[in-house]
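The chain below stands alone and is given as structure tokens, in the form predicted on its own.
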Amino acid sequence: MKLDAIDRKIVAILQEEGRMRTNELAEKVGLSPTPCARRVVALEDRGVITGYTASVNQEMLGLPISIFVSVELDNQRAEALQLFEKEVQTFDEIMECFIMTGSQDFLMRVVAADLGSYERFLQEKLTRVPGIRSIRSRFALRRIIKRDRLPNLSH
């Protein structure tokens, strides 16, 4: 899907400030408000813009711990992968989940209030998912970089 320079500029600006009013956005990209609004709707309809959210501080919300969890399944047949994906969709503690190459099948970022809540997540949720061979957890000491804006939108 090709985006022109104005579309890229709209996306770049909205990644920084998703609550920007159409009039202000239009002025920044050099359009009048109506064509600018039409472009935003078109970007949403095409799936380029997938939503608008508030960026929050997980520590201030009582979830200071981030754990990176690698999961290896008993087998990598499509049915096993799909079952795992379906099961973990319901776990609110999982913030991101990726299917991976290499020795681990999935990598997840999980948030927890403390070690006890992470242990409960493991015992009451994750280890009950059928087909898991192994689970490996790595605790983040601190975040170095957090970006919500994708690079190179001007190209």
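Residue indices: 1-based, along the sequence shown. Remember, predicted model here, so these are calculated numbers, not experimental data.
The form predicted together with another copy of the chain is left out here; the points below concern that form.
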Requested in this report: May I ask you to state whether R128 is within 4.5 Å of another copy of the chain in the model of the complex, using heavy atom distances?
Outcome: no
Query raised in the report: Does at least one non-hydrogen atom of E85 fall within 4.5 angstroms of another copy of the chain in the model of the complex?
Result: yes
Query - Residue contact check: R138 to another copy of the chain in the model of the complex, 4.5 Å heavy atom - result: yes
Query raised in the report: For L61, is any heavy atom within 4.5 Å of another copy of the chain in the model of the complex, or not?
Result: yes
Query raised in the report: Going by another copy of the chain in the model of the complex, which residues of 67 to 98 come within 4.5 Å of it through any heavy atom?
Result: F68, S70, E85, V88, Q89, F91, D92, E93, I94, M95, E96, C97, F98
